[in-house]
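First comes one chain, alone, set out as structure tokens in the form predicted on its own.
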């Protein structure tokens, strides 16, 4: 996608004060001037109506072809969003090969179909169990392969991104860290998030420039505790009227046992749905806050830093209201929701550089297998971004 670029976002130059520059011209033995920092805002130019036409065609073709078109749909979707994301007058590009994705989809789909069929019969249950164990054993490796494939398929200014993560690091961060979080009843979960984000960022590269992550595990605990407080606080607020309603129902004279049971059932169902909604809100906050935190602590090649100013709470509201809109419209609002969320995030992201973005050098990018990407897509593995 290479639509006309948006009105030039040339970047804002943080130059030294004129007085200081003048003194430097006249004097000697002065310390070197601080580097000139240029701020480049990220811009997203996608439109909901435009993306809806692409989305509805992708959906129709995927249904008609019984899913065979899914890889092409996925590539076209990413090409749209990448192509409408601009930085310093240049847009990003997504160059994945749909045929490579199709091979991965077919392999993962065959395993998933075998699992679904064999899980329904006692005589073949062992096969389903074996596939389940195989999936959990390969999960960290699939995540690593997915990150490599997405990076190798992404281009900016004609230069590809790369991902240098190894299997050992993936098994530490997505295997042992998740097990530790499970065994500690969630106490180690923020540490697992920290390990995973650090693994994702520190192994990424733009050309030959490696990225680094300046985050701290303590901040992930703050984010996790805030999300937990949202969930617990909301649950307490909801529990009070639910229990009050149950108390009133139990004391109503002349209310039959059947009516009372129906009332209790409705109250419990309402409480269950409300708790699910609370969980969704808390999780949306954790995702939004983590995204902003990570973006504020990424450095590339020692000369570029990313920054984010969007509000996690506003992004949480966008996520919740998007979900409601998608439910009420039976999914037809999905394109609008995706464009709305992407536009808000892009408006709050900047890149600060002390060197020209044209100065990055290319690196040799070997071809990457699409198996990991297919697995994360088909099995809905959430990588956190």
Partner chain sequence: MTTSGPSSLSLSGVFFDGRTSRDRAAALDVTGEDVRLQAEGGLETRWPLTQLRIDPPVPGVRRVLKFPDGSRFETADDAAVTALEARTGRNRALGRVRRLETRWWTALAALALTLAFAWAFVAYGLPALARGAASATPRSVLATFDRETVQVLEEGGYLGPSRLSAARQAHLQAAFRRVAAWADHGYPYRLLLRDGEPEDAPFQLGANAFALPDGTVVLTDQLVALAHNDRELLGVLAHETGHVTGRHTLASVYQGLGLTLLSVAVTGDLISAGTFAAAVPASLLRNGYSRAAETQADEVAGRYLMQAYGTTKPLRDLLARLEEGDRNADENSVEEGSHTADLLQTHPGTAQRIRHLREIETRGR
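Keep in mind it's a predicted model, so treat the numbers as computed, not measured. Positions refer to the first chain, counted from 1.
Separately, the form predicted in complex with its partner chain exists; it is not shown, and the next lines address it.
Residue contact check for residue 219: none of its heavy atoms lie within 4.5 Å of its partner chain in the predicted bound form.
Contact check for residue 76: a non-hydrogen atom falls within 4.5 Å of its partner chain in the predicted bound form. The closest non-hydrogen atom of residue 58 lies within 4.5 Å of its partner chain in the predicted bound form. A residue is said to contact a partner when one of its heavy atoms sits within 4.5 Å of a partner heavy atom; residue 159 meets this definition for its partner chain in the predicted bound form.
Proximity of 113, 206 and 332 to its partner chain in the predicted bound form is complete: all three residues have a non-hydrogen atom within 4.5 angstroms. Of the residues 240, 273, 265, 133, just one reaches its partner chain in the predicted bound form with a heavy atom at 4.5 Å or closer; this is 273.
In summary, among the residues 36, 323, 39, 347, the only one with a non-hydrogen atom within 4.5 Å of its partner chain in the predicted bound form is 323. Stretch-level contact analysis of 299-307, 183-191, 144-152, 92-100 against its partner chain in the predicted bound form, using heavy atoms and a 4.5 Å limit, identifies 92-100.
Heavy atoms closer than or equal to 4.5 Å to its partner chain in the predicted bound form belong, across 35-59, to the residues 49, 50, 52, 53, 54, 56, 57, 58, 59, ordered by sequence position.
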